[in-house]
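Take a look at this single chain, the form predicted alone, given in structure tokens.
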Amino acid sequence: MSKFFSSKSLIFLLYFLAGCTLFFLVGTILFQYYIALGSLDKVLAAFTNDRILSALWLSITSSILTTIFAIIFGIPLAYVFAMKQFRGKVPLETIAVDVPQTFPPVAEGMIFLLMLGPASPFHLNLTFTFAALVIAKFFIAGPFVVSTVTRRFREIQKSGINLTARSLGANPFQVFTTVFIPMSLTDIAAGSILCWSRAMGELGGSLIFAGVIPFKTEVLPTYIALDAKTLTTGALAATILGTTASMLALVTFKKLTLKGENR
């Protein structure tokens, strides 16, 4: 019995399980390209389809705007979470940063529909608009910037560099702009890429709140969701465009993260 559970056997089992998981995850991603080879001419033609190109353009532009807003509003929030101590900070940070990242997208869309839809208590109806796309994406993707930058700001605070700057006469805003921001550029870039990639894949909130109006609010995920029912070549082409863009962005994110760990 002891020979059966030898060190070599356990190591083999470890590598076997790792290999199975790797094969499943990577194989699933690569399978779309394998299927595309069987109808390559149709897939390439679909890449030039006006509706798919419009969905790609709306996906990219709405995700870029989402990322810009995440930087503008997320970095100050990261600074508050990293530097300030106040009662209820932990649950508040959890609700503001962690919960949106795991929030059911469909539920998010329903909430925005009630908050900013036809029956909005604020008398502001943004349903089926480009703004609805950005709002839905921001709720899900924006916290990735906040969480990434907050961790880096806390590292800087623990190092005491900010206190050194204060002792030399810098005011808090000067410390923020000359110490925290320059020392966090890699993390800001990494969080922004992660935010953009997540925004590109957002589906539930966009589907319910922004709707699926071709050339107006239809993005790649919602296009795929509708066309996947009939397994069209267009759905496959849109899937390849979306996943490839996300993979390239996430590989860049990984490189930036490793660079940050080695500093």
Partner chain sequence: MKGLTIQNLTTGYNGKAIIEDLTLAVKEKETLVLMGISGSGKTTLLLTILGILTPTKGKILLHEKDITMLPIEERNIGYLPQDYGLFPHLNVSENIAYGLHVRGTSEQEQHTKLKEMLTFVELEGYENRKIQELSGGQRQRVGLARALAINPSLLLLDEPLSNIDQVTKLEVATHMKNLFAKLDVPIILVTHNHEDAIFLSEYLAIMIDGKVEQIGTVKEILKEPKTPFIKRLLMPFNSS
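Just so you know, these numbers come straight off a predicted model, no measurement behind them. Residue numbers count along the first chain shown, from 1.
The next section is about a form of this same protein that is not shown, the form predicted in complex with the partner chain.
> Heavy atoms within 4.5 Å of the partner chain in the predicted complex: does T102 have any?
Replying inline: So T102 does not count as contacting the partner chain.
> So, in the predicted complex, is T164 in contact with the partner chain at a 4.5 angstroms heavy atom limit?
Replying inline: Answer yes; at least one heavy atom of T164 falls within 4.5 Å of the partner chain in the predicted complex.
> Is there any non-hydrogen atom of L77 lying within 4.5 Å of the partner chain in the predicted complex?
Replying inline: Residue-level check for L77: no, no contact with the partner chain.
>> Given that the partner chain is not shown alongside this chain, does A170 nevertheless sit within 4.5 Å of it in the predicted complex, heavy atom to heavy atom?
In response: A170: yes, in contact with the partner chain in the predicted complex.
>> Would all three of T239, T244 and M247 be in contact with the partner chain in the predicted complex, where contact means some heavy atom lies within 4.5 Å?
In response: The answer is no: none of the three residues contacts the partner (heavy atom, 4.5 Å cut-off).
> So which stretch, 176-184, 141-149, 92-100, 69-77, is the one near the partner chain in the predicted complex (non-hydrogen atoms, 4.5 Å)?
Replying inline: Heavy-atom contact with the partner occurs in 176-184.
>> Heavy atom within 4.5 Å of the partner chain in the predicted complex: which residues of 139-159 meet that condition, in order?
In response: Heavy-atom contacts within 4.5 Å come from S159 alone.
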